[in-house]
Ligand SMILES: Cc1ncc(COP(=O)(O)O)c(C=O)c1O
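Just the one chain here, laid out as structure tokens, in the form predicted alone.
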């Protein structure tokens, strides 16, 4: 599949989790859409582009398993979660329950808006290593109390690359009468997803990661019964519209001033690409390779995995726990000296090297990372985290 992508062949790209890469046919379609925009800006932004946006939303809704009118395309998950966090009706003393594993930008977002409302952002500490799903759920729900009003949690975590038991959490949250907000940035294209079956109140995801859309294509799903309180981040022509549609939710959130929304329109081409190349099978192969190499790394470097190395917790990414005093320097060394694009993260004072395995990756790519880590460990650039 390497020939289907535009990635620099001199770089071993093991960081699809941060930013995906467009396949050539998707990128070509994206450029054609931008060309149409430039050839007839007014008609495209006001007329034809809006029809294409509607078609893109419908195509994405079928892929995600939800109603098209409960879905709006946005530039990134951070924009979507900010939309929710700014709007959510929280009062003094209310609590938003989350984990100690969330994406840093989301922690900052909730901290900011909770402070403005007098609410509390409560992070349940997830203890490593996670022994089982039951152990995770026990850690998570230990933070629940009578003030808890909202659950906010990642479907797949960023730095630690763990699949969390979202279905169990959504079921229990509903039983407790809590609002559920799921950060699924890494999920579409990496895991099977049916939003209606999960039944969250809010689900946010990226199309420009594992779905391989152009950068700046993501979505916000809000259950119809909750859409009334979700304000747009930007007030524009959709408010008190001269030509209102059947959905105030769509009017408010699809109209956001002048912008190039061509990335949104490329989403159906991503879905077509995945269908053409039997992505269910390829995704399963990549997950199996991720598990295989996670076990190879664990066996050699003798670290405790932060969770069981199995399909319940691991998708197409895996995070290796290490100790280093120079996170940025280690990442730079991997890139500049070994030509490997792989992230080195800090999460709650713990450091991880996280690799991603996508369709264009190979055993040779993983061997390069393995050899580079052996060399850098021997040279003293990092040690292995023992969780003692």
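Positions refer to the first chain, counted from 1. Computed from a predicted model, the values in this text were never measured in an experiment.
What follows is about the form predicted in complex with the named molecule, which we do not show.
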>> Taking the named molecule as it sits in the model of the complex, is residue 209 in contact with it (heavy atom to heavy atom, 4.5 Å or less)?
In response: yes
>> Even though the partner isn't displayed, in the model of the complex is residue 103 close enough to the named molecule, meaning a heavy atom within 4.5 Å?
In response: yes
>> residue 77 versus the named molecule, in the model of the complex: is there a non-hydrogen atom within 4.5 Å?
In response: yes
> Applying a 4.5 Å heavy atom distance criterion, does residue 185 contact the named molecule in the model of the complex?
Replying inline: yes
> in the model of the complex, which of the stretches 201-209, 92-100, 142-150, 238-246 has residues with heavy atoms within 4.5 Å of the named molecule?
Replying inline: 201-209
> Among the candidate residues 154, 290, 262, 83, which is the single one with a non-hydrogen atom no more than 4.5 Å from the named molecule in the model of the complex?
Replying inline: 154
